[in-house]
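The chain below stands alone, shown as structure tokens; this is the form predicted on its own.
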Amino acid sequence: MITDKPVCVTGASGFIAAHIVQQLLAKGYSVRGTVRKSPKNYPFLTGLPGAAERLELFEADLLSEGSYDLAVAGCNYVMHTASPYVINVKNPQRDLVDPAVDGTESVLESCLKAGCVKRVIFTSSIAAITDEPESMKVFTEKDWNTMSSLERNPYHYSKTLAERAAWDFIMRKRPKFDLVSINPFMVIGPSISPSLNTTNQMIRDIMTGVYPGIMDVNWGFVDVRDVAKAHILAMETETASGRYLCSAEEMHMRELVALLKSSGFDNYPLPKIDLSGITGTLLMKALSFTQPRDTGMYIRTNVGRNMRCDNAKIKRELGISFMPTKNSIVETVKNMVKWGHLSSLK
């Protein structure tokens, strides 16, 4: 332990944040978590080992000025994970950009006001690095997403603006605390809460016939427990600095479907038609216009391209080793069955 003061985790009920809280408690830290409703609504947090003695939950709102002051006061370290993760929204400015950007600035202002914060660990995303794979390019922490907008992949746009706002805050105000960002790719794994996160939902959709065929698309996957560990390592490693792209390995949709079949899930309506060739890619892009706006845009900017990213920095500087992605995916499916998000087919 590097501090005997509480560690603040914003958005503590979220998919990643709940694992951060669990791991912090397991290591003996005291934790202050911010949530949107009364603490009694989060038994999956208050029931964690060590929570009765070392977890406090505070109500806070991303769009309410000063909302985080009480939770941050007296903390040396703050992990800011709170941010909306929704793909299709009616009003991207109101539903994505404003809470992501204004919430980030609000948390940082609370840290500045507290006067005792040493480091803020910011949960960013691959979305702030790119919204579109590029031929032969390997993405690193040096890359920034410059293509997203309110009309084009607005979720990616919100994450980019939020991280930009965080780094701009550091440059403008020169606070005593420093900033480290964790930029995970597609986060999978078992959930502590009963809610279904967006990436796990994508796997569920692949297993329940939502996708008509196997598309020419790949993703970088990382286990949620490794993402939580990366946040804590970024806090505990004094020399940690800048951005950390957090991804274990890339996997093509074809490989994912094959893994699900070979892992005992072949009784689900997995996609059977291979549409990963040139003709299939053209068809999928044409069909994308029948999908909700943001889903369609994602298909048009990602299908037919190969995404590659470099995780050397996070392994070198934080010393993290990643869980095997295949194991994480199998655990993800079993966990979705446990929570009732996926029916158990015999």
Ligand code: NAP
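No experiment lies behind these values; they were computed from the predicted model shown. So that there is no doubt, residue numbering starts at 1 and follows the sequence shown.
Just so you know, the form predicted in complex with the named molecule exists too; it's not on screen, but the next bit is about it.
Proximity of G14, R36 and S124 to the named molecule in the predicted complex is complete: all three residues have a non-hydrogen atom within 4.5 angstroms.
Just one of N218, S276, N145, N197 comes within 4.5 Å of the named molecule in the predicted complex, counting any heavy atom, and that one is N197. Between the named molecule and the residues S181, T81, N153, T130, the one pair within 4.5 Å by heavy atoms in the predicted complex involves T81.
When the named molecule is considered in the predicted complex, D61 lines it closely, a heavy atom lying within 4.5 Å.
In the predicted complex, the named molecule sits beyond 4.5 Å of every heavy atom of M253. For A248, no non-hydrogen atom is located within 4.5 Å of the named molecule in the predicted complex, even though that partner is not displayed.
F185 belongs to the set of residues with a heavy atom inside 4.5 Å of the named molecule in the predicted complex. Contact with the named molecule, judged by heavy atoms within 4.5 Å in the predicted complex, is confined among 197 to 205, 256 to 264, 163 to 171, 236 to 244 to 197 to 205.
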